[in-house]
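Shown below, as structure tokens, is a lone chain in the form predicted on its own; questions about how it binds or moves come after it.
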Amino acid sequence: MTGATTPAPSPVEPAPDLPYFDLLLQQLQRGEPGFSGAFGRHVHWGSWEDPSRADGSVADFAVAAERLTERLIEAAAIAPGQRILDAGCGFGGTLARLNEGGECLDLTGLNIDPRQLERAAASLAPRPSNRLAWVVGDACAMPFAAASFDRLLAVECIFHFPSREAFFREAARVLRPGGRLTLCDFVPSPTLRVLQRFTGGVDREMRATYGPVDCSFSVARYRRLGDKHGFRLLIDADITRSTLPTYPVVAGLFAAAGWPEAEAATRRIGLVSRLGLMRYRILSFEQR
């Protein structure tokens, strides 16, 4: 397949209301250099090898976002000849990285928002030895046959899914025996989970910026969910410290776009993360 968006064969649930993506697509269409430099390829946080040397620039952030992608790919143990599914693939940055550096890969990007896939398809073509497809569909009800993929990725998107339970059930179905599910997520500390219980979790500014978000899922719950669906947790990498320079960059972009509520919400998440109450983790599961 050559980069054309393929519609899902079954009805797709409406895309969630994600105000930050609406702004991002608007700014990219205008060619705004800050947003284009930060999020034209990847729509996720960055990972710095030495956070103390982050310079706060968009260019520095773009390098860090690429590094986070590389860390996720390393955790997924992707090899030539595999079929890879990126659920919630955004603008296809992770698949672009795999396409550039991998051989004989069959790559599929799945997203419930056709606008994101249209941008991905317009900017990415497969290398000669690789295959590439874009599919409109729901990660909690995937339009794929059983045992279709060797690797499943969910890059900084699972907190938007209506049900992690449904996603893991689908992951177990579409992965081949011995396949891997690798994701990154914002995982709360026990203290934050107690606070969420009394405060109702995500506040108004957060929802108005990032839409429906569930950041209440602990590693212990992930482990139990994996066990239930036949997955063994192989990797639990806490990379919180390396991601912290992300927050002022993203908050600054929101400020420059004239969206003070989004700036405030992002700075608040950054504070919670610096205090150790919210941890950024890469988790990789192997199907038994």
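One-based numbering along the sequence shown. Nothing here was measured: the structure is a model prediction, and the numbers come from that model.
There is also a form predicted together with a small molecule; it is not shown, and the following applies to it.
Participant: 97 to 105, 169 to 177, 123 to 131, 84 to 92: which one contacts the small molecule in the model of the complex at 4.5 Å, heavy atom to heavy atom?
Facilitator: That would be stretch 84 to 92.
Participant: Taking 4.5 Å between heavy atoms as the contact cutoff, choose which of 206, 112, 187, 73 touches the small molecule in the model of the complex.
Facilitator: It is 112.
Participant: Find the only residue in 78, 192, 215, 139 having a heavy atom within 4.5 Å of the small molecule in the model of the complex.
Facilitator: The residue in contact is 139.
Participant: Would residue 155 sit within 4.5 Å of the small molecule in the model of the complex, counting heavy atoms only?
Facilitator: Close contact exists here: in the model of the complex, residue 155 approaches the small molecule to within 4.5 Å, heavy atoms only.
Participant: Wondering, does residue 229 line up within 4.5 Å of the small molecule in the model of the complex on heavy atoms?
Facilitator: Result no; residue 229 lies far from the small molecule in the model of the complex.
Participant: Is it the case that residue 19, even though its partner is missing from this view, gets within 4.5 Å of the small molecule in the model of the complex, heavy atoms only?
Facilitator: Flag for residue 19 set to no.
Participant: Is residue 162 close enough to the small molecule in the model of the complex to count, meaning some heavy atom within 4.5 Å?
Facilitator: Judged by the heavy-atom cut-off of 4.5 Å, residue 162 is in contact with the small molecule in the model of the complex.
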